[in-house]
Ligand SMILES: Cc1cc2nc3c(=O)[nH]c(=O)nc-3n(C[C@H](O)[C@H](O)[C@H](O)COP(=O)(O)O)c2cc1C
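Presented below, as structure tokens, is a lone chain in the form predicted alone.
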Amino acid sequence: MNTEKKATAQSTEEIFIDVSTEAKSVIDAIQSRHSIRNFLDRPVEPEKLQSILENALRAPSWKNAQPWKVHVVTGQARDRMSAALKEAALNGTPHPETPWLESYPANIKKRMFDLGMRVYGVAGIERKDKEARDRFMLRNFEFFDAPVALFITSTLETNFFVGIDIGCFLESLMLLCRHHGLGSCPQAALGAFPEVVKAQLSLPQDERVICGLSLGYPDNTDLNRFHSPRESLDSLVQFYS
């Protein structure tokens, strides 16, 4: 895993990681994985995509519930979905079937705000430039140009344990993408307009659209190489003996 650091105007150091190669181990995949927001115009090999999905289905779930369904959108279906979601985003208000949590405590809000500012900074977007930030947000519905979009749905009530199960499944997908030299971006935004997704995929109304995941080959830009920070072991982990 090749890393480098660059100082920012705030005198902090950003970490940049090359994610254009395959991860060499599970630890490498965990340590190097981060969200990709620019993808190459290069298709993902069908056998590679199938391997990722088949192996991700081994993700753990409570009592083997496996409460997820996966809808893989590529080609013209992907283009139609993107166009429909962009139209909804430009003319409507998000109404996800799983409400987005907003009441975070101050220390967590600080981390979230800090990440947003770092990402905008690497992307060359000024904090006060709302038009540029809105365009950047709209990129979610273009799947950041990824050739493959996955939509995760469930017919179960999205309680805490179903959420944990789907989180385990998403992590498995993302680590397997790194194993195969692919990038990914998990996106709550892809659940913002569930009626659009259901119409495009002819899904029944009782199938809840939870979130999505864009995947493909990452473009080698600073935005894609930017590695989000994490808290230290001492600040989040306590040992007892």
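From 1 onward, residues are counted along the sequence shown. Fair warning: this is a prediction, and the values are worked out from it, not measured in the lab.
The same protein has a further form, the form predicted in complex with this ligand, not shown here; the description that follows concerns it.
In summary, among the residues Lys198, His179, His34, Lys48, the only one with a non-hydrogen atom within 4.5 Å of this ligand in the model of the complex is His34. Proximity to this ligand in the model of the complex, taken as a non-hydrogen atom within 4.5 angstroms, holds for one residue of Leu156, Ile108, Leu90, Leu115, which is Leu115.
Residues within 4.5 angstroms of this ligand in the model of the complex, judged by any non-hydrogen atom, belong to 187-195 and to none of the other stretches in 201-209, 52-60, 66-74, 187-195. Looking at Thr221, you'd find every heavy atom of it more than 4.5 angstroms from this ligand in the model of the complex.
Although the partner is absent here, Phe144 lies within 4.5 Å of this ligand in the model of the complex, judged by heavy atoms. Using a 4.5 angstroms limit between non-hydrogen atoms, Ser228 touches this ligand in the model of the complex.
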